[in-house]
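Take a look at this single chain, the form predicted alone, given in structure tokens.
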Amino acid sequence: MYLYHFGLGELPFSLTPNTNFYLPMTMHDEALAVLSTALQTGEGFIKVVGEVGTGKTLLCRKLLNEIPAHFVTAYIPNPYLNPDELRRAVAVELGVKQAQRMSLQLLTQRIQTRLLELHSQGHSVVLILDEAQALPEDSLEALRLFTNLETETRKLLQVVLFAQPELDKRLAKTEFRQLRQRITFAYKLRAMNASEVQQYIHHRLQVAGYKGVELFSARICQKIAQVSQGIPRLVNILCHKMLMLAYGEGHYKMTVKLLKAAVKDTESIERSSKINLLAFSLLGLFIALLLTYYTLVVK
């Protein structure tokens, strides 16, 4: 790979959501602040929505790593589960013994007993679901019923949903109005702007151990921001491919040529973004021709 070529200790643009590479940008810090406030106040449902690749799973892992010690967490990364499977998955996460074998009625009782036990020990319990838009409709209703478990002063179970915007469309249906009303804290992740993309790229290179001269110029970062539309995952894909191509050609500087090759090789880059890159390149060529004309003819 290109690690030795660029003097890197690890891959800077891996798609694995590694919290060591977390960059405290405004949107992610705001999302974490919303989550922290909602959890501390004991709200039943909290929701974080973002497009594919905007960093929801990284935020989810950041939350899991930094949540205060008195919280007990139940984490379900792939919630495409029917209500029975969901209840059993929650029970397993909470440490309910033989959860896969007992009847549904007994399982529900054991979950409630376990929640009361943790509450009596001074713990708050949080169920965290990543990719929550994949929950079947009857499982969404089962999730709502979970939050009916409460004492006179506090919910026994809080739920954090990390999801794509499709979840909002589903919750807009009349049959989910009760669940929708229980979501008292929500945050919508946005894409990065050009300045944030540049900061993001340089930060990841630094964390990966890069100490050389600037690899990605401000101009290249701006173009990466345009074609990726500021989506962190797409930025990672493009930068990784550019580094591979540069290594293959024995180069150390990222160029428009390398970016074009990376874009061409990336199916997830929308056609409009590819057109924008072409237009940006043609504009640069036009400006260069004007400068040449001015130098040779006008002067």
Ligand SMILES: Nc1ncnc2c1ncn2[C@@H]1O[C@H](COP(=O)(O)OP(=O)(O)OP(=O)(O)O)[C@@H](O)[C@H]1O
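Numbering starts at 1 and follows the sequence shown. Note that the structure is a prediction, hence the values are computed from the model and not measured.
Note that the form predicted together with the named molecule isn't included here; everything after this is about it.
Taking the partner from elsewhere, every residue among 15, 51 and 58 has a non-hydrogen atom within 4.5 angstroms of the named molecule in the model of the complex. Contact annotation: of the candidates 204, 155, 88, 114, the single residue with a non-hydrogen atom within 4.5 angstroms of the named molecule in the model of the complex is 204.
Interface residue remark: residue 196 is not counted as part of the site for the named molecule in the model of the complex, having no heavy atom within 4.5 Å.
When the named molecule is considered in the model of the complex, residue 28 lines it closely, a heavy atom lying within 4.5 Å. Contact between residue 233 and the named molecule in the model of the complex is found at the 4.5 Å heavy atom cutoff. Among heavy atoms of residue 11, none comes within 4.5 Å of the named molecule in the model of the complex. Only one segment in the set 233-241, 65-73, 37-45, 251-259 has residues whose heavy atoms sit within 4.5 Å of the named molecule in the model of the complex; it is 233-241.
Applying a 4.5 Å heavy atom cutoff to the named molecule in the model of the complex picks out 21, 22, 23, 25, 28 from 19-42, in order along the sequence.
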